[in-house]
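One chain comes next, on its own, written as structure tokens: the form predicted alone.
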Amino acid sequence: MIHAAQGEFPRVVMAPGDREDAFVLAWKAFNLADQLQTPVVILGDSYLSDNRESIPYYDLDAVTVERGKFVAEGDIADHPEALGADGQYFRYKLTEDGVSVRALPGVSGATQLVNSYEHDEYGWGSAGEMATVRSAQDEKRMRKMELARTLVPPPALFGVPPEAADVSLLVFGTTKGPALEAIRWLEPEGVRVAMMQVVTVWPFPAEEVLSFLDAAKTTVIVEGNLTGQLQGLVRQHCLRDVDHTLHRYDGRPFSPEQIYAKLTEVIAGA
């Protein structure tokens, strides 16, 4: 999901850990897609889809709608930030944050000229063949990622702070549930555990993850795949590794017993 594309374009990838996460990330994904005008992906999995549980009612009052740079009615001339020097509507206007004003069909003066080919600020595809135009539009789109970092959900923290923990755990997706259960089992034994759930996988929260790992005494990544996808992102963007890993890739979800046993093993060997 992070790298699948024909050419380079920005996107947001988020991984819910439970049903509450899935609900919250769903409405936030719609907002982000509008605010950034770029694809937003929610990574579900079979464990989230197939198991059943009773949960409290979702907090519908927390839901907001954020459309971003969006004009639904009126005259585009009333929005000078959407216009070029010649006074025309520039659907793909070069902006500092990478996002251009989006006008609905029917807005007076806003010609709808869109295509899937590279284009100039107005929308002409033929102009997109010019090297300078293509480079400018590529750079403009990628600037959205800097804006995205300020809008996407940050990593979630559980347990004790990493500097006070005997072991620190890094997870994403539905590993969250069994990991939290394992942490609860360890509490009566006096084992202090810190856990970070990477909620937004892309753009990768390198600064937050690095700070968490640097403060930790001993680190463990738990992820349901063979190749260490989260670990690879840590290596690439934090320029460091974790101390221990636990993978499961037999098509079944983690159990609290597995994670409890791994953390017990790590503590015993520390």
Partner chain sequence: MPEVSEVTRALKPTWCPGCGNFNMQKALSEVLSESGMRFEEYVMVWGIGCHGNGADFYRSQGFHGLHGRALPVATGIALTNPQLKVIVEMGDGDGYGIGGNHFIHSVRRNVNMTAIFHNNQIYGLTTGQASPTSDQFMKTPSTPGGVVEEPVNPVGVAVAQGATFVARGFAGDVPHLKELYEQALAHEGFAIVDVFQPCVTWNKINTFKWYRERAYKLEETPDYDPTSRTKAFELSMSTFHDLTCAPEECRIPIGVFYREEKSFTYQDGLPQLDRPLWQHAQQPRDIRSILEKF
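Computed from a predicted structure; not experimentally measured. Positions refer to the first chain, counted from 1.
Quick note: we don't show the form predicted together with the partner chain, though the next part is all about it.
Though the partner chain is absent from this view, in the model of the complex it lies within 4.5 Å of a heavy atom of just one residue from Gly87, Gly125, Pro154, Pro161, which is Gly125.
This chain is displayed alone, yet in the model of the complex one of Val63, Ala26, Ala206, Ala215 has a heavy atom within 4.5 Å of the partner chain; that residue is Val63.
Using a 4.5 Å cutoff between non-hydrogen atoms, Gly109 counts as a contact of the partner chain in the model of the complex. Thr132 falls outside the set of residues with a heavy atom inside 4.5 Å of the partner chain in the model of the complex. Mapping the unseen interface onto this chain, Ala77 falls outside it, with no heavy atom inside 4.5 Å of the partner chain in the model of the complex. Among residues of the shown chain, Thr150 is not one whose heavy atoms approach the partner chain to within 4.5 Å in the model of the complex. Only one listed stretch (196 to 204, 69 to 77, 181 to 189, 140 to 148) carries heavy atoms within 4.5 Å of the partner chain in the model of the complex, and that stretch is 69 to 77.
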